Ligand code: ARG
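This document opens with one chain alone, in structure tokens, the form predicted on its own.
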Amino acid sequence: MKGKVWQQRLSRPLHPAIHALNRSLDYDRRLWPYDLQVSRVWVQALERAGLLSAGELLAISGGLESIREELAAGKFAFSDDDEDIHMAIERRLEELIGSAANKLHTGRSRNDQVATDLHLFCRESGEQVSAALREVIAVLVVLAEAQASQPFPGHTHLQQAEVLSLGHILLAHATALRSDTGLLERTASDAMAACPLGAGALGGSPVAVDRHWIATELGFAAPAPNSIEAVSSRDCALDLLYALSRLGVHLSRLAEDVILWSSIEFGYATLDDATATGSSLLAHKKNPDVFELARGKSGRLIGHLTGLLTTIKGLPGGYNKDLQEDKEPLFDSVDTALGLLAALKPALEGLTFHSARIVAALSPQLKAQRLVAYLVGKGLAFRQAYGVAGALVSRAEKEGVALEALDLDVFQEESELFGADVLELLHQPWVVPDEGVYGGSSVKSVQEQIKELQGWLG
């Protein structure tokens, strides 16, 4: 098989610039494990349909195994004429076994072949990213367990709002990432719902292969029910790109917290030297580059999803060459996610939290919550208790003192329900409550969440 298989139809060789644009081998060669898997099943289907002899089946299967060994060892010799990995394999097969190789593609199009390869890639990649993500979640659970009783300023609008458990905040990120593992695993499973192989170029294979048998052999639930949709759909790629984009958003939120916590202004945490970088000019710098890249690369992941959606949004029915643009963003997104997770695991493991600095940063105004709870416990309606506490915070602010520095008579001016014990209440140290509602920030709740996540991690 010399040159391009379709060249006989055209009277002149393809222009070099068009060949360079049309060629996808540089990136689609990574599909070779899936393409060989698909070809092994296809050739068996042809033999089952009486279109290949037992000898031809044996020769083609043996040739495909030799090609697998060459590709795995990095010894496969690609040709300048190879358009893509699919034609490179077929060309090499002919070199190895002769004319019997020309029967491999009987009744098959690159349209259904590529689509099937892509489904297999999405299944395996979703599972790989999910497994790597579980390792990061496990690190967060370990950190949360160590910080379950550490008082920490919880923020809304980036203003201190409540005293929470630091463990609870870490578990918030772990919980979001856990939902991403579920989405990735569902995406991997969904990719194997409908097998495109046997759909041909558009209207179904012209040979009577058993598509139900093919689907089962490749691990799919069933053959794709409509041949046009089978070759033109890229839903499996879109689903995986969405799952990776959402993961990127969640990793970006986690990264932003760590970036703030490790800044000099916050000083809540320090990065391990092995997971931080320095400055080429400023000798004192210790930069959280890994977390900044996690934040930044979320845009890359979102961009790939948006790009592929835009590419396929207005295509006419059937296969179009535009669909060649599905692979680079998909491959890059998978690689980006795996690279981020590999780097974030040690970076999170190396975090050191500074309890004294965290406690010192807690605003005295947060003790207004204690005043509200005190007054509600005395029978005052919440709205009235809220108003009294707010007025006291305002008075302390105007006087430039902490709440506990106000005189008892100031408290009693705002409400006669205050007794001398209110000052004792305000002077109590910062602690995370032991009891609280399910899913809340109490030590008990955090420990319950940790136990549940540990069970899930196995």
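All residue numbers refer to positions in the sequence shown, first residue = 1. Keep in mind it's a predicted model, so treat the numbers as computed, not measured.
Quick note: we don't show the form predicted together with the ligand, though the next part is all about it.
Proximity of R92 to the ligand in the predicted complex: non-hydrogen atoms within 4.5 Å are absent; the residue sits far from the partner.
Of the heavy atoms in D28, some are within 4.5 Å of the ligand in the predicted complex. A residue is said to contact a partner when one of its heavy atoms sits within 4.5 Å of a partner heavy atom; S442 fails this definition for the ligand in the predicted complex, lying far away. Interface residue remark: Y374 is not counted as part of the site for the ligand in the predicted complex, having no heavy atom within 4.5 Å. Heavy atoms within 4.5 Å of the ligand in the predicted complex are found in one stretch of 313 to 321, 252 to 260, 125 to 133, 184 to 192, which is 313 to 321. Note on contacts: among R110, R178, K103, K297, the single residue with a heavy atom within 4.5 Å of the ligand in the predicted complex is R110. In summary, among the residues H86, R246, R211, H173, the only one with a non-hydrogen atom within 4.5 Å of the ligand in the predicted complex is H86.
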